[in-house]
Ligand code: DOR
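One chain comes next, on its own, written as structure tokens: the form predicted on its own.
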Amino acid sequence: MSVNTVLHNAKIFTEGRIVKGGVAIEEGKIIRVAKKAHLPSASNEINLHGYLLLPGLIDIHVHLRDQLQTYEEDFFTGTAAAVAGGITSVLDMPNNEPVTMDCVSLRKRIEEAKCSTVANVGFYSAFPRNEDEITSVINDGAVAFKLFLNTQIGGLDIKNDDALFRAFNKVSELGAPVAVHAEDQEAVETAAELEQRLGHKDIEAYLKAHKPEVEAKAVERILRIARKTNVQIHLCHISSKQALALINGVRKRGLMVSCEITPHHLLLTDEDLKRQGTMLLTNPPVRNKNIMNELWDAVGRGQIDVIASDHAPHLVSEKTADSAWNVKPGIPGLETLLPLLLTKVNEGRLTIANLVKLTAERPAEIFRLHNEGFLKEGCNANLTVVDMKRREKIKSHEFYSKAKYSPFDGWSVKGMPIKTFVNGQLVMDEGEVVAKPGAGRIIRSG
């Protein structure tokens, strides 16, 4: 028996532990995990020289832009940034131009992405204007719906609880998740208007409009509606102790709810924001040191399901202005997520098992990504090779992303992805993207 590819001489994270051996790959699938002597021959054998082999990371919160926003990012540069960062699959958010919010816009976006990506890509949809189209959107390939409670995106009236209830009821019948950006629109706008009337336009004013209570209010509302429908809720980029308490409370009562945090909320504080300025502005913004430590405690207690980048590229000119109210929130994160987390593994703050759970296993489980997120026989051969000892500095000017800036620019990291395999194909080798556009595939829930 001969197969396409054999990776050997690796330390493999599989079934919750690290073993020495190799992986046989045939037609994009892992068909055997074993010692070298028990692996089949292959036309392509790659010696991994004892490096750590992980299931490929899945980043469930990514803004790939493209279409009318190619000046910020496109499907190739965004997915090249992903594989350069050791990420093999991404889920693309719908707040694009045009907004992905119905069958027509979803099909067009999928079609435009097909021949451009080097990572696997799944797509969120915003809710359509017509509730009857919800089923068709899922059938046409959306992995989940995304609901923004801070601004009106898509066809669902975010101020109307009855409309949310009806939409959630329909989605619950389909078994699909609803991902939520939880900041209360009215609370944000009221506070922002007050600050602007007072002539306040700095970071402090922005933080007052986006305080933790604004997040908690939105989380409380969405969980109240979700309890009536039994819909599966995923709460994006949680950034406060109040929100976590609400999530943990409903989990104990059996509600299907998961949550994510970002590296910037784990590693940066409002002091960094004040020092770096609007280049670091995100929604929700980074919090104070006490809250940052509370988020780490939640990771340690197993109360966080996912770490995702919330990769949100913009032009540098869109990130700088005299007023914080005129700046586009969001930062790039695909190329920094894994090095930053590996550094925390080396420091003893995370274990490899937790890293894999938070960035591969739970993302696959929550979004029903069949045969993804695990390194075992029968799964898709999406794999990340890591050198745990390699030290580098983050250099944003070398990013594959078009957004060549980062709040982590110049940071020293220990632990780097050195090879990325997508569907059994080597797509990144020693920091260089070596695959052609089209190497990735469109992924759907299974």
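Counting begins at 1, following the sequence as shown. These figures come from a predicted structure and were not determined experimentally.
Below, we refer to the form predicted in complex with the ligand, which is not included among the displayed structures.
> Only one of 181, 210, 234, 344 comes within 4.5 Å of the ligand in the predicted bound form by heavy atoms, so just point that one out.
Contact with the ligand in the predicted bound form is made by 181 alone.
> Just to be sure I understand the contacts: of 335, 310, 215, 92, which is the one whose heavy atoms reach within 4.5 angstroms of the ligand in the predicted bound form?
Of the listed residues, the single hit is 310.
> Taking any heavy atom pair closer than or equal to 4.5 Å as contact, tell me whether residue 283 reaches the ligand in the predicted bound form.
Answer yes; at least one heavy atom of residue 283 falls within 4.5 Å of the ligand in the predicted bound form.
> Find out whether any non-hydrogen atom of residue 168 is located within 4.5 angstroms of the ligand in the predicted bound form, and reply yes or no.
No, residue 168 sits far enough from the ligand in the predicted bound form that none of its heavy atoms falls within 4.5 Å.
> Verify the contact flag for residue 314: yes if a non-hydrogen atom of it lies within 4.5 Å of a non-hydrogen atom of the ligand in the predicted bound form, no if not.
Heavy-atom contact with the ligand at 4.5 Å: present for residue 314.
> Can any non-hydrogen atom of residue 155 be found within 4.5 angstroms of the ligand in the predicted bound form?
It does not: once the ligand is placed as it appears in the predicted bound form, residue 155 has no heavy atom within 4.5 Å of it.
> Heavy atoms, 4.5 Å, the ligand in the predicted bound form: which of 286 to 294, 109 to 117, 324 to 332, 220 to 228 makes the cut? Say which one.
Contact-bearing stretch, as computed: 324 to 332.
> Judged by heavy atom distances of 4.5 Å or less, which residues of 54 to 80 approach the ligand in the predicted bound form?
Contacting residues: 63, 65.
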